[in-house]
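Single chain ahead, written as structure tokens, the form predicted on its own.
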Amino acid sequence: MNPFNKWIWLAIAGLLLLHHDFWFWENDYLVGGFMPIGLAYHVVYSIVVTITWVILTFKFWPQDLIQE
């Protein structure tokens, strides 16, 4: 197995664990004075997951499916 593959599996497992943010459920802090901290966390989380998904797509997309 490629060492890069191990890092990707660790990243996916970490993102799955971080998806359940039980530590912000009862926090009333507002980020920027208007956004609850739990919502701000999920905004950042969604951006990180999107970047991870793009990396996975470019790294593992089969080359024979690309039309020129």
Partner chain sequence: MDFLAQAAAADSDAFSDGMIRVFVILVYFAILLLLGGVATTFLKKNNKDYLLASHSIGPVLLLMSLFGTTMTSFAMVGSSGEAFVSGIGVYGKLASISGLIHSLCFFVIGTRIWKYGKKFGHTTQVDFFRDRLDSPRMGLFLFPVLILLLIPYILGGVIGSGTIIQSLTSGAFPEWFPHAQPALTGGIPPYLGSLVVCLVVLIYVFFGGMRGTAWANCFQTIVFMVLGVVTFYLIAIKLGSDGSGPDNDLLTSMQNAIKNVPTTHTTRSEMSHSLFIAYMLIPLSVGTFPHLFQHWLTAKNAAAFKLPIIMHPFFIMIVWVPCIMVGVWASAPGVLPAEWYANPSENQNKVLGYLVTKHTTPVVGGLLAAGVLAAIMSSLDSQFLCVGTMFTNDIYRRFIKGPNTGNKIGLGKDGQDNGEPSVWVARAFIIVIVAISYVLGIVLVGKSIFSLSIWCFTGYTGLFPIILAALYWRGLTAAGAQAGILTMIATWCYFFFATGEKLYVPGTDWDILPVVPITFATTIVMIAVSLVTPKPTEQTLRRYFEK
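Superpose the two forms; the largest set of C-alphas matching within 1.5 Å is the rigid core. Computed from a predicted model, the values in this text were never measured in an experiment. Residue numbers count along the first chain shown, from 1.
Below: the form predicted in complex with its partner chain, not depicted.
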Is the gap between Trp7 and its partner chain in the model of the complex 4.5 Å or less for some heavy atom pair? no
Check each residue of 36-54 against its partner chain in the model of the complex and list those with a heavy atom within 4.5 Å, in sequence order. Pro36, Gly38, Leu39, His42, Val43, Tyr45, Ser46, Ile47, Val49, Thr50, Trp53, Val54
Spell out whether the Cα of Val49 moves at least 2 Å between this form and the one not shown when the two forms are superposed on their rigid core. no
Does Leu10 shift between this form and the one not shown by 2 angstroms or more at the C-alpha, the core having been superposed? yes
